[in-house]
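This document starts with one chain, in the form predicted alone, laid out as structure tokens.
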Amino acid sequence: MQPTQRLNAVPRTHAHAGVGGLAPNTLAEEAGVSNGTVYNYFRSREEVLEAVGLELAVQLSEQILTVSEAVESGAERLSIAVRTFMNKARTDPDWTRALITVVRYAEGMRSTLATYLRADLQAGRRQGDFHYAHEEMAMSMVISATLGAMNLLVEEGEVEHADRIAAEMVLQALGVPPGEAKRIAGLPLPGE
């Protein structure tokens, strides 16, 4: 098993320790590898954090792709993604804290998340639902808004229908009319 795969246990340690408190020996212990193994694959604590954050984001993004595979609407797929990330924040605050910290820390994480988002934005634009002046800025706005809403849940506690509210607001920011944004954000998630 690759050390990056074994580092799936690390986010909970990172969520409690933060960047400053994340020691290589703790990482190695959590991952079930030796200290030397951590240093063989990663030159710094920051590289470990980036790998962990990437794994967190990719795992959830791949789950979202799987469940929204049959959905043709870019706006609906984007709503599913925002709502899924929000629901994950509600049910797993440690995971969310780790993801938020790593995304803030590593700009490369934003581009990784944007890779999954780009197709939905482009589809929504082709379908006439999204209207934005700059694709990269639109991706950054969606990621930032979603992470900010996730952080609100973790820091402030439960907000009724937070997933739907966040999705509705993101859709409106991309040019979807308010009534249509509310309808799309209120659709049942795949598997509900």
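Don't overthink the numbering: it's just position in the shown sequence, from 1. Computed from a prediction, not measured in an experiment: that's the story for all the values here.
There is another form of this protein, the form predicted together with a further copy of the same chain, and it is not shown here; the text below is about that form.
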Problem set entry | Touches a further copy of the same chain in the predicted bound form: G148 (any heavy atom, 4.5 Å) | yes
For this session: Would you please decide whether L174 lies within 4.5 angstroms of a further copy of the same chain in the predicted bound form, comparing each non-hydrogen atom pair?
Result: yes
For this session: With heavy atoms only and a cut-off of 4.5 Å, decide whether H134 touches a further copy of the same chain in the predicted bound form.
Result: yes
Problem set entry | Partner contact for A138 in the predicted bound form: a further copy of the same chain, 4.5 angstroms, heavy atom | yes
Exercise. Within 4.5 Å of a further copy of the same chain in the predicted bound form, do L152, A162 and A166 each have at least one heavy atom?
Worked result: yes
Exercise. Heavy atom within 4.5 Å of a further copy of the same chain in the predicted bound form: which of S144, Q127, S61, S34?
Worked result: S144
